[in-house]
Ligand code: ADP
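A single chain, nothing else alongside it, follows as structure tokens in the form predicted on its own.
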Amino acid sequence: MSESTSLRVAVDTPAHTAISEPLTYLGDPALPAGTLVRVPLGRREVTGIVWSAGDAPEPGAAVELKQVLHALTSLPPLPQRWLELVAFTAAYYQRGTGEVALSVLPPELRKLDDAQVRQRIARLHKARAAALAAPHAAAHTAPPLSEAQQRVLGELAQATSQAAAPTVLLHGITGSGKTEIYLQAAAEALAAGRQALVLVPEINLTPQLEARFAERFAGRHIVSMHSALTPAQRLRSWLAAHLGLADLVLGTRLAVFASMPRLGLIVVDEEHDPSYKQQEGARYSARDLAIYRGKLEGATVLLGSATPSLETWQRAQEGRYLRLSLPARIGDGALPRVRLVDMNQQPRVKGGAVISPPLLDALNQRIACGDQSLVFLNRRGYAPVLHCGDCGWKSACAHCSAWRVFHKLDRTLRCHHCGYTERVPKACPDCGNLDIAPMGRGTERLEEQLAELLKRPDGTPARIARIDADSTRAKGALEAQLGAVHAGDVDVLVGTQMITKGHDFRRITLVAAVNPDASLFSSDFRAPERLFALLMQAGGRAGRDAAQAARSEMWVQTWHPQHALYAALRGHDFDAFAATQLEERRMAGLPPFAHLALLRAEAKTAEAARGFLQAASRLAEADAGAAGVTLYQPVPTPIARVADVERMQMLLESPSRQSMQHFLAWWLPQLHHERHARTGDQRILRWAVDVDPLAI
């Protein structure tokens, strides 16, 4: 190379090195920012991204810079706004720039050379040309809009015509037609020559939404991005978006980083869902990054939910987001009537009643008239624990501070935290008692009991289906089971929260929540918000066909029927629930009126983890107060031990987001030195900070 200059290159450096900024290399000055390159890092050759160019190094510099080895010039460079999004993510969530940048790109991209990239790009262009030339089904026309939908679209069009692209909260009750608003907004973006990005919280919702968009936008190139794709599929989707060939990208939280040169609309469906928060590595919120990206790109951001997060709701109340409402269901169908079953008044059954007699009667009535029912229990497996009545033994996990769940189908005890699995013992391991029994209930046991209790009019057993993480492991299993529900081949659907959101079940007229009380008195201040949203979403599966809405019901079995949360649920009154919760948080100094971070530490012993956090606190004693940041005492995490690793956490709180960010940027680099100072058998294994944690 005859001429070279210094280039700042983002590489994925190991976390323990405390290197968060791009490194400096020598390279071709013609390489633009965003170019993928191969560079030496220690003894390895790694993929990096040219982040910025600098001046030519001065002769005789003390440090000899290493040379860029190869550049992937056949691939258009990543857009500048994409680099800015990644830089913001890394800075805000306190991670390395290269770590974030490389982790959100398709892994297969790192394996390709220029010739291979050219081949894949050529294939994509060829496939795109063939798709446009071939005959295809006519696009489905939009259905007639309700008056509320017309009003919302008019207000949305007026807002997007202004200079600054808006962030919009679409607050629509379940069944009010939010998806049609998404479709029409996407059509407007595509007509203007822009691309649209649609985010959903769960993988199982992506095929359903993809089908809706494919019907409406026949002839348009639509790609999906989620973790269930093969590496080759993920690369193909990413390249189509990056090259501008894909008009629409549908995906889960990772898709917020899709490289899209013509982005004009970002939709975040079910924006309140905690699945948008990454729980490992860079613990980012895809919803929050979507809002930031909208400002960078000049793209409209549409946040949709029947139960918005309280942070989003407060910002809409303050006028920072435009709030648009869909207060009624399509066809003026009624929301399901909520009935509370006071379990204190029900007859006691040995082992505890799982289904109360009134609910059992209601389920049989629905079966008799040909309707479908949904029974929701957010606990998979057969039973949470096996128990010996003689000596008190329980099926604890040997490696975690948690119980191993009894799965009857394969006769195993399985830890849902570390995966440790054993066959069910024939007798109590401690005392030899042969009579060990399940305690509590999971979806597997609930399915079994409903099959025993429910009958069809002809006396045959009711058709029960179960959808949870266990029953849908096999490829295509989820689609097959959902297809059976939609076809009317299921009388009662049992499942976890997987079945409570996003699905448009047309025959379900009864939804039952079996045991939702556990979240009412949780130490996590967000637990009531999550429970209310979950129950509202679950209830929204009933009566989605306007002809059946009048007889749709939601049954809630509870030991606390007088709780204020259930009073708001009975009235489908999100406004009242939100107002109460926000006032409580305001008085307590909790989000959205304060800003939190969690410092988590993992070690071989709890003492070592606690010692690291206490030392970290001492490092910050003088500066935290001046910065307006409060540090609380270290405490164990809710599951204190996982896979023989002890876990502790320390909460940080500040009334100012900016103060929190400045403090973390100063404090965290010092913790790397503190970690290295702790060697020996009790050295700290890992530590990480979680900015804006969803659960404490």
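Just count from 1 along the sequence shown to find any residue number. Worth saying up front: this structure is predicted, and the values here are computed from it rather than measured.
The following text describes the form predicted in complex with this ligand, which does not appear among the structures shown.
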To verify the annotation, which of these, S519, T412, Q149, Q497, has a non-hydrogen atom within 4.5 Å of this ligand in the predicted complex?
Q149
Though this ligand is not shown, can you say which of Q233, S103, Q346, T179 has a heavy atom within 4.5 Å of it in the predicted complex?
T179
Can any non-hydrogen atom of R366 be found within 4.5 angstroms of this ligand in the predicted complex?
no
Consider I330 of the chain shown here, and say whether it contacts this ligand in the predicted complex, taking contact as heavy atoms within 4.5 Å.
yes
How about I173: is it within 4.5 Å of this ligand in the predicted complex, going by heavy atoms?
yes
For R544, is any heavy atom within 4.5 Å of this ligand in the predicted complex, or not?
yes
If we take heavy atoms and a 4.5 Å cut-off, which stretch out of 141-149, 104-112, 466-474, 88-96 is in contact with this ligand in the predicted complex?
141-149
